[in-house]
Each structure stands twice: as structure tokens, then as C-alpha cells.
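Presented below, as C-alpha cells, is a lone chain in the form predicted alone.
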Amino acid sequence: MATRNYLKIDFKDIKTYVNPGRRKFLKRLGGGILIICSVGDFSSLHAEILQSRPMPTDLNVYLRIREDGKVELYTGKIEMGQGVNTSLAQMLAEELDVNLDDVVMIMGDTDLCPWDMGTFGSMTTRFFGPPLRAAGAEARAVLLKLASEKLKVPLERLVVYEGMVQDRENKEIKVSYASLTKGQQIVEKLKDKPPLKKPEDFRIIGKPVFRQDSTLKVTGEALYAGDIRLPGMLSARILRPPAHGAGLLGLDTSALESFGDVVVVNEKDLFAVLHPNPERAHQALSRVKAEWKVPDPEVNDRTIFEYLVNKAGEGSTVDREGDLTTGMNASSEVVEEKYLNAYVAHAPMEPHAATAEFENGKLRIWASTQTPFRLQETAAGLLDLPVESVRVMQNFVGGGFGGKSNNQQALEAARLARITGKPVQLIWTRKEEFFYDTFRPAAVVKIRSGLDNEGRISFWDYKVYAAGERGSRHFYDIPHHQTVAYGEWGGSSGIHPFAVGPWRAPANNTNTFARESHIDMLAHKAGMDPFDFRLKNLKDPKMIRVLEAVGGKFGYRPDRFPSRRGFGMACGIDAGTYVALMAEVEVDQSTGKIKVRRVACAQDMGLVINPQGALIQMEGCIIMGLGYALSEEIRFDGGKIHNQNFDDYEFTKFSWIPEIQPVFIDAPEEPAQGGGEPSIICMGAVIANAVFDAVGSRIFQLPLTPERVLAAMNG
């Protein structure tokens, strides 16, 4: 049996650091070497993206060599299933030359970890990875210098293997990192920065490693915000409106008189009942009678698309080259179409949850959050506390996909803990989860394009409404083009009837669906196979490489189009990663139901830190993407959300999962890029294109429900 490497987040160690503050933290480290590394523009980049307080540049990366030989890695990133707790540990272990098992991850604790903007956008590996590797290399150089002094051996004769420094000429002369750190507390910066390891020297990076949290999650040892138990803790249920925009007219709480053991909070916009038993709190809230004024619906899920186009306002040019009029004049064919997609929920397995404790002027929060430092700052402002008096504690997050960034549940728990003087736990019901979710925005894309007599794209006029510009720039060889975005998802509350937000590659799912569907339409108009058509209109060598790679893996052979084989393809770029997918589908022409038989996916993501982790993310994206492509759609009238649980919101089932054929382009000399989102962006387009190839009818709206398939076939 192959040996599997397990890492473990050490909650026992973390519990010994109770609200130490930065200076106290440094004092309480005791024995061991704390390495502080300068990472230059890394901090300013984070600050620019989030516009929040930046950490000083010399405190962005922490790692500590403990007396027992363990290496603590401090990062403001969190683990929500993407596997960075393993890949980050691999990067540090590689550069530091220690066993992977000896790396202890400490993540997302605002008292212990350097400030971070949050975990989203597949940016952890791309932005945190390089300075982390630099920190490991610098720490290794510092330890070699200490070993040289201790062993009285010239620095150039020393080598390191698994945390042991040896004289290469006499292996009996050696000292461990643990021995070097014993009884010492050293903070040192090197004047000359050591180089990073080259790919040919890697022992840990690039090797498949078993996910460190798998055993914890399977055995139930992994701690989530809802698993925290504190003495005297109360469970909370909060009165919610029936629709967004509803106003409370009256409240009858007389029935609570028979619930003498519940705590009632009625403060401004917050009415809650609390009890040590969550079921008792639920029963008490059900007795409360509330009268609401619900505004008349202005829009619903059928009229939303025209509404968004009218509300989007003036557009901003994303990309432009050449002259559209010149391109139109050179066109022998013009193709114009509109593409739509619905609102989609994040629907994570773990609903939003938080546990908060307010004691002696200090607030501690365990939260299901992608943005612990944003939560710290917001909670401090809400409760009028100094930022250093608020600590967001470490725990796992059970899926986020962009939806656990706003922290509403944690702020509610914090308010209730402050008001009651008791620890409070708040776990949203599935109904609350759907109601308050920041949905992936519904959107409209309009494309007008042309072909010349040689089957080349002569112009491209692209307009995206209400989704955002991510993924809207094309990568084809088009001399005359313009891309305009009308209304971003961020800060677009004036456009959408309720809150929207990032959903795993924000905007790119929408833009890729529209662009790649339209490219297939152009191929059909040109009388060409879509594979050949794409290659004819591509110059980018990376995109050509992934397209050819996925074609080879899929066993694709060009044919007449539509071929009735049910084959589809789509390409895209996200988080610096180039991706191409091919799919095979079957369509039941009597019901309109789509069965996806297999999906091949090729990714060029530069250096792959953990191939197994990258594969899991690719597969996860494909599986999750089946949902938004085939079935996921929020139904609503005005501010009233009709989907309230998984019985009326259908996402990917186990029976839907196709055969997945993965390909990773070997490019270890190139920087590592994001892997948590790229393959999902093509799922809507690749299935829509495969459906067209199968039945000769095109669907222009996601999801591709049986009703829409039948309508297209009968239209």
C-alpha cells in the first residue's frame, strides 16, 4: 500500500494562544525561531484588491520553527475544501527542506496570522504561494547560517534533508533544525535573498499528496463553526421577513409567555429568541406572530432579463481594437444573438454558521467565513470595539464558492453575544441560506459578429449586462472587436432586485457560455467543424495547446456539423489558467432530458503544486458545473424567493456524474496559476454545444432544462 502523507491542523496548540495580540504573541512563542520575511508588493496588492488595512510588508509571511522540529505556517487564508492547507504546506516544506508531515497549518486566525484580504478568486496559490516559498528559502538560509556557526563547518559544505543539516563530507557531523531552535528566539532578515528551488530539484512540489483534511472530515474530527461548544452557550433563531424589502408592521410575542426559559432580544432591526437547546429556540420563534408589508413585485424570474438591460446604465469598455464598421464591411455573414442565464445559489453543504463569545470587552468569533479579517474589522465597527479586541478563530469552512464573504450570520451572532452576555451560536436554516444567499447574478449577453469569405471572424461586438467583465475578453484572432460591460455584479444593488455576489469564477461562467456558444454558431455558419474553426481563428499558443490536448484525450475527429454524435467543446481562461473542455451527451428527444456521458478537460496552469489536489478541483468544478448548466435556477417574484430547500432547487446528483478525462499540461517552469475555478467556466457552453451537435437545435438560456430543450427542438 502506498504511503499517504497526512497533515493536521493542530487545534490543541492554537487553544494555548488566547487573544495574545501581536506583541504578546511574539513574547509567548518561547523557544523556537520566528522567521519574518519581507515580501514587497504582496501586501500592497492585497490592500488594493480589498481596500482594507494592509499588514506591514515585513510581517506578511510567518513561519515558526518549533523546538520539537515542527514548523508552524501562519496564513490568513482559510480552508473550505480547495486543498490549500496541503498545497501551501508542500511549498513551504519544499523550500525549507522539512518533512511535509512536520508542517502545522494555522489558518485564518486574526490574532496569529498575517492580514489577508480573504480566500477567493483562485488567488491563494498565485499570490500567497510565491512569498511563502521565498519565506521558506530565507528561513532555510538563516538556519544554515546558524548550523555553520554551531558545527564550525563552512556554509558551502552544509546540506539539508528533512530538517537535518549535515556536513556533506562527514555525515556524522549534523544538527537538526529542532536543536538549532532550542532555547532561542531569533528574528533575522537576510540581506541577500536566496533563490528558489528549480523544478528539477523538487522532492515535494509537483508530487501527488493525499489531502491533509480528508481523514479529519471523514472521522468527524474537523471543527466547523457549528461544532464549537462553549459553557452556557445559547442557540439563536432570528425573525426573518417573508421577502426582501418587506417592512415589519406589528409583532405579537404573547405566546412566548409559556416559554419562560427562552431569552428574547428585540433591538432595532433584530428580533431573536435564544435557548441552550436549538430545537427549543425554533419552537419558540414559531409561536411569534409578525405582520409584514410586502412591496408589490417589480420583476420576476421571467421578466428579469429585460429589466436588467434597462437598469444596467452606461457601459464601460473592457477591450477594443480595430474598427467595427470596417469589420462589418469585410463580412460575408453576420451572426447576432442574445444569451441569458438565471440567478444561481451557492448551496454549500454547510450553511452559514457562527459562534460568538463576548467577555471582558473582548469578542471571539468562530465563523463560516472566507474573509476572517474583513469580519474582524466589520464586527469591531459594528460593536464599537478596537480591532485588536476582536478575534476570529480558526475552523474549517464547509464550502463557500464565493458565498461566505459577507459574514451576516457572524455579525448577528456577535450582536446577540454582546446583548445577552452569553456565548451565542447561530446556524442558518436552509430556508435562510437560500433567502440571504448572494446569488450568482442573472445576466444578458448580446453578441454581433461577422465572418469573411475564408471562414475567419471579421468583427466581434460583445455586450454583457449585469454579470461583470471577468472572462468577457475574447482570445481569438479577430482584427476588429469591442467588448463593453454594463453593470458589474459588485456593488450593483441598484441593478439587481436582491443581493448578488461572486459565484465560483464570477461572471466567467456567463461570458464563456455566451462566447463559446457564439463561436459554435459561427462555425456552423461557416460550414466548418467547430474544432477546426477554433484552430483557424486562434493564434494564442497556450490556447491552441490545451485545445489540441483535450482533443487528443477525447479522441475527437472533425466531422460534419452538427454531426449528431452529441460532441461539444468550449475554451476559456480563468485565474491565469487556460482550459479547454469536450463533452459527449445524449438527449432524450421525447423528454428533452440531457445525459452527459463524459467530459474531457485540459488545463495549462503552469507549475502544478499538488497534482492530486488539482485533479480534485478540476473534477469538483466539472461536477458542480453540471448543476448550473442543467438545472439550477432561482425562482422569485420581486423580493420573495420561492426556492427554500433542496427539494425545489435541483443541483448535481451522483447519477449525473460523467466519466471525467483529465489532462494537465506539463509546464513546471511557468508560475503556478489558479486551479479552483477554471474548468467550471466552460460547463454551460460545452454542454449547450454538445446538445446542438446531438439534435441540431440551440438553447440560448441557462440552465438547459428539458422544457427549454423541447422548446428549441420544436421551435
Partner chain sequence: MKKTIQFTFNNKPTTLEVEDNQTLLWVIRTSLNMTGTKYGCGFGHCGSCTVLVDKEPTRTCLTMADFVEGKNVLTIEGLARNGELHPVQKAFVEHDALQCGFCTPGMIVNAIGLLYRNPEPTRQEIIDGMHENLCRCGSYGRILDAIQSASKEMKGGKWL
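Positions refer to the first chain, counted from 1. Note that the structure is predicted; figures quoted are calculated from it, not measured.
There is another form of this protein, the form predicted together with its partner chain, and it is not shown here; the text below is about that form.
In the predicted complex, every residue of the candidate spot (V218, P278 and A347) has a heavy atom lying within 4.5 Å of its partner chain. The shortest heavy atom separation between Q673 and its partner chain in the predicted complex exceeds 4.5 Å.
Its partner chain in the predicted complex is not approached by L324, whose heavy atoms all lie more than 4.5 angstroms from it. Although the partner is absent here, A178 sits far enough away that none of its heavy atoms falls within 4.5 Å of its partner chain in the predicted complex. Interface membership of I205, defined by any non-hydrogen atom within 4.5 Å of its partner chain in the predicted complex, is ruled out. Across the options 167-175, 614-622, 457-465, 443-451, residues that bring heavy atoms within 4.5 Å of its partner chain in the predicted complex belong to 614-622. Residue in contact with its partner chain in the predicted complex (any heavy atom within 4.5 Å), chosen from A330, I544, L223, V159: L223. Note on the partner interface in the predicted complex: the residue among E359, E336, D227, E548 having a heavy atom within 4.5 angstroms of its partner chain is D227. Residues are counted as partner-facing when one of their heavy atoms sits within 4.5 Å of its partner chain in the predicted complex; in 381-410 these are V397, G398, G399, F401, in sequence order.
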